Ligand code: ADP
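For reference, the chain that follows is the form predicted alone, supplied as structure tokens.
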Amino acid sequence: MGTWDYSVFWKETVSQLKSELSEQEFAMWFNMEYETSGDQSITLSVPSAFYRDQVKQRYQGRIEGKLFDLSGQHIGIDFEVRQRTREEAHKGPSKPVSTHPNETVHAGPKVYSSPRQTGGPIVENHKAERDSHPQLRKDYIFDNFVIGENNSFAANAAIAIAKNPGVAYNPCLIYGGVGLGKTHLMQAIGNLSWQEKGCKIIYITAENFTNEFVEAIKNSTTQNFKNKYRNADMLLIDDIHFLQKKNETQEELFHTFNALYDANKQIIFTCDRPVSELKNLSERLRSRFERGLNVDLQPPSYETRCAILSKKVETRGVHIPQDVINLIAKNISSNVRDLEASLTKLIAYAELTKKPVTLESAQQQLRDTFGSPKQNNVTIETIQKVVAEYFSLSYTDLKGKKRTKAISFPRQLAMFIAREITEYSTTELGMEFGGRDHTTVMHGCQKIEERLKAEPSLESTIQKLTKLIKDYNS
């Protein structure tokens, strides 16, 4: 075992995660064995390269965070792919099997073994390349970001920012629905600037920024907090919609923003909607968010979805038939995250059952996902027609100017359902409902939410309408 032994911290980390995750999730992804400890690192063995990649993506940051909380020091996680029999699991570490091309096997120089090489391991030369940034995901780079019509402007602007941080498009706000690539694009800027410019980069979610600020107040260390964020060359803050109603945090961010902006330092934010739609945000902070470039990400087109899936299949080094890729792209139109989740499910199915992925097995495994309302390419027009017919109105009534109770309530209901089951922003919905302002849509949705609290029976009406909308074109 050597001088270092972090096994006690690993055991406690596993115990805590077991209590936080569902039984099924824990059983599926925590089939890992503690192997050994190094200087500020733990080596774990996993049964396959695919398993390793998934664990790294899903849990590595969370695991390392818990290890830090428990030990008070940064303990990294290294993975080794090992095939272990039941007997070997009790005897200790076994000999590593052939690993993934990007698998770090031992401490010291990074050694890779390639499935296409038979002449021995490859020693990587990192003379011209920096180590990865500790706060940024290694795979969130521009090379892994598939550019289509839905995101070309945002992607090209992001590349320009990474090449000249603090010069062009400062600040930058990237907004869009869940799973469309906001965090990927923002961290890709950070990764490229880190590698090429050596910028001092800080990435943090708005929630963690708030938590750190609260702790700084509590511990009387606000000056350290200010110094940390105001001395950055590039500040990346994810999910600023979390800052709503956090007045003191907004005030602190306002001053941090000014300090960085005046020093020509790059500031980048992401949000799930346009800043104009954020409630309970101070006007002067809102004006700062809107001062620079605001770019939105829309759901990808069919062609882009196919390209995204093909890219992910290539990156993972697995075989998925083209007709399966086409099937997923045709049936999942919501966002990139849902595409990836479906692909991951098929890969896991193939690995666990030892069977190849076929069109039939894909249809079987993804039937529930394909049946989800948000994957049915629901249009606003369909929603309007179904709701209008349900309330014995004409389709044009919901888009018209009349504000009688007989029309305004169905209109608000249609807006509410559209907001729930589509990826349209309130601005886009307002345009579809007769060119109304986005605040009208927000007000309509709020009215329905208030009515739901007073009339629980309204929920069944919404469910019925949602089913009718889902079945409209089937």
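The first residue of the shown sequence is 1; numbering continues from there. Fair warning: this is a prediction, and the values are worked out from it, not measured in the lab.
Although it is not shown, the form predicted together with the ligand is what the next lines describe.
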Answer among 175-183, 323-331, 362-370, 398-406 for heavy atoms within 4.5 Å of the ligand in the model of the complex: the stretch 175-183
Checking Phe242, Tyr140, Tyr169, Tyr390 against the ligand in the model of the complex, the residue with a non-hydrogen atom inside 4.5 angstroms turns out to be Tyr140
Contact with the ligand in the model of the complex, heavy atom within 4.5 Å, among Arg273, Arg337, Arg230, Arg286 goes to Arg337
Please check if Lys265 has a heavy atom lying within 4.5 Å of any heavy atom of the ligand in the model of the complex. no
Inset, instruction - Consider Asn144 of the chain shown here, and say whether it contacts the ligand in the model of the complex, taking contact as heavy atoms within 4.5 Å. - result: yes
Decide whether Arg82 counts as a contact residue for the ligand in the model of the complex under a heavy atom distance cut-off of 4.5 Å.
no
| Does at least one non-hydrogen atom of Ile308 fall within 4.5 angstroms of the ligand in the model of the complex? | yes
Near the ligand in the model of the complex, with a heavy atom at 4.5 Å or closer, the residues from 59-82 are none
Shown form as baseline, in the model of the complex, CA Gln298-His438 shift of 3 Å or more puts them closer
